[in-house]
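Take a look at this single chain in structure tokens; it is the form predicted on its own.
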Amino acid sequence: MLMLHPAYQTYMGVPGLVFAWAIFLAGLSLFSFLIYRRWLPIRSGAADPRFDSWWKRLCGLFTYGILQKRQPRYLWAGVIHIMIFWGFLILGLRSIDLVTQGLGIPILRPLMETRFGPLYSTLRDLFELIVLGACVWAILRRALIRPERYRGSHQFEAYLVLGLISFLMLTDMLYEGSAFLIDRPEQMPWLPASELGALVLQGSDHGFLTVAHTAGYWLHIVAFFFFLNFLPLGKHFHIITALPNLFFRRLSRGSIKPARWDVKDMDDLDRIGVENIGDFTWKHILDFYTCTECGRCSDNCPANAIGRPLSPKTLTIKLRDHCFETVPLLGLKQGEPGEDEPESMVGEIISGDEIWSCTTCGACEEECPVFIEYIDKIVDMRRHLIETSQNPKTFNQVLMHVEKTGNPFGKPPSKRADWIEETGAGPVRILKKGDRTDVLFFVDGYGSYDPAAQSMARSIVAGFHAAGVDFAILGPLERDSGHQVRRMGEEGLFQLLIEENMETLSQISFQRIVTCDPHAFNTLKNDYPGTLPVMHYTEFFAELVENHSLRPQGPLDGEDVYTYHDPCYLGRHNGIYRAPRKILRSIPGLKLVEMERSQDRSFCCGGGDVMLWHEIEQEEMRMAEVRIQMAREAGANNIITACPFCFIHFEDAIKTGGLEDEMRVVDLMGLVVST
């Protein structure tokens, strides 16, 4: 018995082709309208240069988009997502084939009648079962296991979409399974999903099978177009926007975007920072559309972990919802995003405490599978708060000190080199204009004035002398690098610091710059113009250890166990993980263990950026205390760091926790020169 395709049948005197074209045109027209409305905020967003390095972007699109490289960082959830995603890629061809058949233009039929057809049919059936199983697995996981990171997500929408995907799989199995029983060809490939559908329908009469076959097709087509038009309405818009967002991802790390990409001179700006949706760049608005609400960002956010009022996921959801309200899909409002907004975005929708809770550690961005950016958005909102004097009052004196004296302590530049008097490791040359040196040691503000950071600077000086390095410092000529100033949102002052430091650097000769502080290293490398030959001291001394110019003495005595803490701006922002470990492994007798959260999943100590001068009241405990506990759980009684701010915060956490007899913080270079 031969089957007549459902679209070629007549229903109440109307040809099925008419219904197929009506569904197609209505579905496509509505989808085009929805996409246009969603495009409006992106179109009005600020400039953002993302069209460079096409080959690198395409490679990343394949690695992170097609291969889904970041998904297995959460193993089982990642496996589920990969199965569904790859199923979408494979079954997308099937959907096109079914739709075009119904329109009477089966453009894929010639391809399916080649040798490719049977192979694809088997692959299609396999993935229908895989996707169906993954959807059931995901539904049960959400309903029974209920991962904490899903809290605050749109759960009903997730269940609805998983149900829709399952429905699409089942209707195609119904369509093919009934055909399998009505008109089974003599030779056919292995079709496990179709055979399963046939097994369920086994024993049904011809009339019922015909109805099932027809219903399976039309239900599938209607569900397909309903699903397509549902996507732009909520969080599952990421099914459409994820790959473009990955392609336009940020290719560099560590730097902060300028106040405006399309305005060179800040004096030409009417205002600085982000006040409303239209002030975000078009890429950042695309980020809002792309959030999957998986919660990985918040799950790894140290501010969220200690109870601060910041959840990166929630922040994105609120900004996306506000964006949708600003340009409603079916509303009559025709204004650009940002015009006549009903409430203030910065300060009301996103509170000041949320904005200042961020440590800019980058854990959220490192974990996000679709490369959503958070730090630039946070800093842009801080710029607005600074510009409108809504910043914490404690910042005012710090910023005034930096502007007048070049350091956050307000101490005179003439005292900037006083710390060298206590080195005990040999002389330290202070450069004047026109001088030269092989290595310029950029000490920065804390290394110059804070006692704990000074001890780290002295250890580096001892290392220079032990390795016979020709080095010098700028002393009174040095100004603060400006790393914290920029991330606080004071862009004008940061640009002033750049001008002053770059003018000084242009008047001396050096081969490379070595810093003590990862924050200074990061901003000199990534925020300053041009390409400065800057290294963090762990990179520099790792090379000397490798070529035996520096030999740590030893062995270490006792039963002490050490663990290394990866500073955020050395590790995640600049990818330096091997150098400090290479130095540590060169120390004879050192017992080194790794914490569970290490390298790119390191947990921020809370010591960087605005946290130096502003404390958030709503926190259950300090980040440094959490990190110290992680070190103890790893079996260590010594936590090593290569960052003065980490050192300061760990030292304070050990004292306030009463752990002086059980735990101590160790400067990495101090460990090298003291052994």
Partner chain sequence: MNIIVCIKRVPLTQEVDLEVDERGTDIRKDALAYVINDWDNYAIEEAVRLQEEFGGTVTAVCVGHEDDEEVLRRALAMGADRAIRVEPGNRELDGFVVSRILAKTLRDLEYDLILTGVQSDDHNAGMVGIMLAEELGLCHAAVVTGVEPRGDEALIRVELEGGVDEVSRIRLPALLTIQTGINEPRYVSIMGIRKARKKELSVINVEDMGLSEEDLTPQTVVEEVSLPPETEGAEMIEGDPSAVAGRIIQIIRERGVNI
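Since this is a predicted model, take the numbers as computed values, not measurements. Residue numbers count along the first chain shown, from 1.
This protein has a second form, the form predicted together with its partner chain, left out of what is shown; the following refers to that one.
Each of 269, 397 and 415 places at least one heavy atom within 4.5 Å of its partner chain in the predicted complex. This chain appears without its partner; in the predicted complex, the one residue of 528, 409, 218, 74 with a heavy atom within 4.5 Å of its partner chain is 409. Out of the listed residues 365, 490, 176, 354, 490 is the one that sits within 4.5 Å of its partner chain in the predicted complex by at least one heavy atom.
Interface membership of residue 401, defined by any non-hydrogen atom within 4.5 Å of its partner chain in the predicted complex, is confirmed. Mapping the unseen interface onto this chain, residue 387 counts among the residues with a heavy atom inside 4.5 Å of its partner chain in the predicted complex. Although the partner is absent here, residue 304 is not a contact residue: none of its heavy atoms lies within 4.5 angstroms of its partner chain in the predicted complex. Residue 83 falls outside the set of residues with a heavy atom inside 4.5 Å of its partner chain in the predicted complex. Comment: 269 to 277 is the region of 292 to 300, 242 to 250, 456 to 464, 269 to 277 lying near its partner chain in the predicted complex, near meaning a non-hydrogen atom within 4.5 Å.
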